[in-house]
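Presented below, as structure tokens, is a lone chain in the form predicted on its own.
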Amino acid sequence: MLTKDQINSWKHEGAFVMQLPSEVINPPLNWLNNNFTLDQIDPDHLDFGSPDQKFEFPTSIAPLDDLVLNERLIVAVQQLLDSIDIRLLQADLWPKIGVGSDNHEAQANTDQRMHMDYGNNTMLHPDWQSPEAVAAIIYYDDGVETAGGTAYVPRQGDADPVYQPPFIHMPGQAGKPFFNDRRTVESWFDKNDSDAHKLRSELYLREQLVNFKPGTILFYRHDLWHRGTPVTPGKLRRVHNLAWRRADARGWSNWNQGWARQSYYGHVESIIGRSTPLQRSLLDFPMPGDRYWTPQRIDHVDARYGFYGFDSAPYRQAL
């Protein structure tokens, strides 16, 4: 799915932007344009994430859940991480509504501070030379109409002064208070940490803005400097935040609740039933040929999911 240039941009600069094929993006986009529009969203929901976690995977909405497990995305992440064995970390679709006046409360999400995502995704510290996880944002709207493009700072080689570890020059790291609003954050650093303030000022001068339309995807790293920018007042910007990790990576935490938590009602079971072995593996369902499988275990799993269309043949054939 990906070109060598795209893979190299992600590994060395931290990000790249591309357009998803229509067959990937059209099913969820059509559903959203009928069921998740400005007049159907609480205007007071101004924070990150879907309202009441409604659109965190699994959502019980087939077009949204099938996008999360789309094999084109899986293959792309396998290419970026140099591994066929990967796991899903995050899948959350959420709205950002433009507000009429500047909201600069300390935790406001209107105009975000520059940050990296590793801080609340892993207990450890990322190693630029050995990336273990991939993040992505899928955009469902036209940035010309909505604004709100993600701003990011490409890394400029190993000697880049703004990418010298440890990455602690941000709110919430190494004892610094957490604020979300850009103006509040930079005022705090100006008063309390002049070296960090100088570095952060350089980030804003170097930021690039994602110009998006429906189906644009930003693949990026958890150690990339980036931020959310304001949406045009009265407009709606809808995005899907996704993340994956290598199966052998240590310290990473799922953003979503457990995938099996919503079982019992047939929705999760239907996902397992209609998915391919590769798609199921994203949820830590062992691939055919994995040493987990025995004839008895296949029988038991088949008994659980056969009603929902689960085909045990690939697992039996690989014993």
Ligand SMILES: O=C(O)CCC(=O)C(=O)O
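The structure presented is a predicted model; accordingly, all values stated were derived computationally and were not measured. In case it trips you up, residue 1 is the first one in the sequence shown, and so on.
One more form of this protein, predicted in complex with the ligand, exists but is not displayed; see below.
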Just one of 123-131, 154-162, 219-227, 181-189 has heavy atoms within 4.5 Å of the ligand in the model of the complex; which?
219-227
When the ligand is placed as it is in the model of the complex, are N70, V75 and S83 each within 4.5 Å of it, taking any non-hydrogen atom of the residue?
no
Hey, in the model of the complex, is D92 touching the ligand, heavy atoms inside 4.5 Å?
no
The ligand contact at Q112 in the model of the complex, heavy atom, 4.5 Å
yes
Y265: touches the ligand in the model of the complex, heavy atom cutoff 4.5 angstroms:
no
Using a 4.5 angstroms cut-off on non-hydrogen atoms, would F48 count as touching the ligand in the model of the complex?
yes
Using heavy atoms only and a 4.5 Å cut-off, determine which of R237, R87, H169, H240 is in contact with the ligand in the model of the complex.
R237
Residues in 113-142 that come within 4.5 Å of the ligand in the model of the complex by at least one heavy atom, in order, are H115, D117, I137
